[in-house]
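First, one chain by itself: the form predicted on its own, in structure tokens.
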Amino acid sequence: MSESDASVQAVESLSLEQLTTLLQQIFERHGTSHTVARVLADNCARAQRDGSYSHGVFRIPGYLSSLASRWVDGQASPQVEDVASGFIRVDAANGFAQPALAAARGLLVEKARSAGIAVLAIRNSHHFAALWPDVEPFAEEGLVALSVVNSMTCVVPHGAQKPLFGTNPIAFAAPRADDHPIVFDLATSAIAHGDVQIAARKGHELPAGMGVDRRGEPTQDPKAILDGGALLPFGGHKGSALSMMVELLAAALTGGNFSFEFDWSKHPGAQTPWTGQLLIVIDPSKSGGNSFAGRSAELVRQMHAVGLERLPGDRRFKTRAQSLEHGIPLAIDELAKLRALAQ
């Protein structure tokens, strides 16, 4: 739902707490533990609050479908393994990745501050959400964070004929003095899979260069991409190389599945990719140089000085401020469906 869509529909606005509580009730009603429900609801509600609509309440049916299919374990208890001074492994136990991160987060921050850098390798996990909420909280604590996660096969490598990679996003967050942190989250595909789904639902055509149909022919029809077609990497061989890097870091290094290695054919309705995630957290205070947050602010000032009007993430922070003041707008019919799912 875009801001213009919200303006012409009958809407009801909820606070972040109200939306989070509603989503938590939905997750628990459909089979997750209280802990898992709380983490997923917080993640999903914050995405909706900040205008990341393709990863907000839009994702709820997909979550529930995967849970109903028994493809993912909503009761899973992640196992945290402290394996080295700067390395943590987590077996998500075929559960969601966000609760696995939450279980290891305190130890990850402790190790990053002690060693200057720490790595968290999550395997056997399902990640179905925006990636920026995973890294932004670290920047709010003065740390630098980078995360990658692979997904299900839906992207054709540059120069190939068939899909192999996932959308394989990369998220980065860094503190900035006297302002919001610098945060970006980008898919290595030309467009995020969720945005293709939204375009298909609304009957919108996509820009050229986003994907191909089932015959491998270029198409701007999102339904053709979803019906046996595939996405393309952004920037040709450059995006393809980054997507390959994400496969290696998120799957090969963590012990998770590559995007092409899992088979969900026996779980009709499964939508959450069963892969892996890697996070790298750095304590910039260990560099011994000038204040990193101050240097970040100076870089942004210089970017604005040469004519840049908007940084990655600015739209999210603007939408967040509006949501905090006026509430998170949800279409009445959409909200009614959510409330029915919570019963």
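One rule holds for the numbers: they count along the sequence shown, beginning at 1. All values derive from a computational prediction rather than experimental measurement.
In what follows, reference is made to the form predicted in complex with a further copy of the same chain, a form of this protein that is not presented.
Asker: Assess the spot marked by 38, 91 and 130: is a further copy of the same chain within 4.5 Å of a heavy atom from every one of these residues in the model of the complex?
Answerer: The answer is no: none of the three residues contacts the partner (heavy atom, 4.5 Å cut-off).
Asker: May I ask you to state whether residue 62 is within 4.5 Å of a further copy of the same chain in the model of the complex, using heavy atom distances?
Answerer: Flag for residue 62 set to no.
Asker: Could you tell me if residue 238 has a non-hydrogen atom within 4.5 Å of a further copy of the same chain in the model of the complex?
Answerer: It does: once a further copy of the same chain is placed as it appears in the model of the complex, residue 238 has a heavy atom within 4.5 Å of it.
Asker: Contact with a further copy of the same chain in the model of the complex for residue 208, defined as at least one heavy atom pair within 4.5 Å: yes or no?
Answerer: No.
Asker: Taking 4.5 angstroms as the cut-off for heavy atoms, does residue 68 touch a further copy of the same chain in the model of the complex?
Answerer: Heavy-atom contact with a further copy of the same chain at 4.5 Å: absent for residue 68.
Asker: At 4.5 Å between heavy atoms, only one of the stretches 39 to 47, 24 to 32, 54 to 62, 275 to 283 reaches a further copy of the same chain in the model of the complex; which one is it?
Answerer: It is 275 to 283 that comes within 4.5 Å of the partner.
Asker: Only one of 80, 226, 117, 109 comes within 4.5 Å of a further copy of the same chain in the model of the complex by heavy atoms, so just point that one out.
Answerer: So the residue touching a further copy of the same chain in the model of the complex, by this definition, is 117.
Asker: Sort through 104, 152, 270, 182 and report the residue having a heavy atom within 4.5 Å of a further copy of the same chain in the model of the complex.
Answerer: Only one listed residue qualifies here, and that residue is 182.
Asker: Using a 4.5 Å heavy atom cutoff, which residues in 291 to 305 contact a further copy of the same chain in the model of the complex? It's fine if the answer is none.
Answerer: Heavy-atom contacts to a further copy of the same chain in the model of the complex: 292, 295, 296, 298, 299, 302, 303.
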